[in-house]
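Presented below, as structure tokens, is a lone chain in the form predicted on its own.
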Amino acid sequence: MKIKIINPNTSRSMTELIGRCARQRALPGTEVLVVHPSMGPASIESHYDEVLAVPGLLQEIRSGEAQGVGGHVIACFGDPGLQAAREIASGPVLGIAESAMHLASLVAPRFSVVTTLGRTVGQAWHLAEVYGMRRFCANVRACEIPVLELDRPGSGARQRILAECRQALREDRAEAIVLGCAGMADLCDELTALLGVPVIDGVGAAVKLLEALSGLGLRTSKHGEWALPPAKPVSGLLADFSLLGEPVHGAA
């Protein structure tokens, strides 16, 4: 199958990291396309950033449809634009927070999320609630590391993330760790070995779930809420996002 992974921010280095990690997890027969939008914020660390990232993300979803991809991954732990993306895509669209939390709940009765900045903790708790994962989520912890610092030499990010994970095991009684940023994807195997518990990276989790959905022949339902949105004129800067003249896929 062909899958498209979208890093909703505009960081080229993070997109490259996500691509390396995704291809390590993908089956030999899976073609992985990894992109970031041409417009939007350099990183997503607030509700404002998240909203600004959605138009570029949706543009990449529509491009993926034209490329004939079998499924999409939104590689940001806030899962921005996920519901809208599911409306306009014919194949499955997975967010990395949703994917990671669900897989974590299958291998441990309690997990903690270790993320970047404290201001994003509330969104992670919100998603745990929305996804029915609140009873599995022991805590959401922030390392207070800006997203763009994760791969900067000398930032000490790895050590701070490891320390926060160890605190989660000790203080939260967590039995697994969910990494709360796509920029942490390359730490998954290292942390698993050091901590001795399952560490789940949402990028890899989403890739494997898309492969499973494809193998089972499952696609997003187009009957009801995730049907293609009603086509209507769109004005101003967003005029190109009108769905007028778009092909209708599936049952409305």
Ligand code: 5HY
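Numbers for residues come from their place in the sequence shown, where the first is 1. Keep in mind that this is a model prediction, so the values were computed, not measured.
Quick note: we don't show the form predicted together with this ligand, though the next part is all about it.
**Q** Mind telling me which stretch in 128-136, 82-90, 108-116, 163-171 gets its heavy atoms within 4.5 Å of this ligand in the predicted bound form?
**A** The contacting stretch is 108-116.
**Q** Give a yes or no for S43: in the predicted bound form, does one of its heavy atoms lie within 4.5 Å of a heavy atom belonging to this ligand?
**A** Because a heavy atom of S43 falls inside 4.5 Å of this ligand in the predicted bound form, the answer is yes.
**Q** Whether V147 contacts this ligand in the predicted bound form should be assessed with a 4.5 Å heavy atom distance threshold; does it?
**A** Yes, V147 lies within 4.5 Å of this ligand in the predicted bound form.
**Q** Indicate whether this ligand has at least one heavy atom within 4.5 Å of a heavy atom of A104 in the predicted bound form.
**A** It does not: once this ligand is placed as it appears in the predicted bound form, A104 has no heavy atom within 4.5 Å of it.
**Q** If we define contact as a non-hydrogen atom of the residue within 4.5 angstroms of the partner, is G71 a contact of this ligand in the predicted bound form?
**A** It does not: once this ligand is placed as it appears in the predicted bound form, G71 has no heavy atom within 4.5 Å of it.
**Q** Please tell me which of L94, I177, A182, A100 lies within 4.5 Å of this ligand in the predicted bound form, judged by heavy atoms.
**A** Spelling it out, the residue with a heavy atom inside the cut-off is A182.
**Q** Which residues, if any, of 191-210 lie within 4.5 Å of this ligand in the predicted bound form when only heavy atoms count?
**A** Read in sequence order, no residue approaches this ligand (within 4.5 Å, in the predicted bound form).
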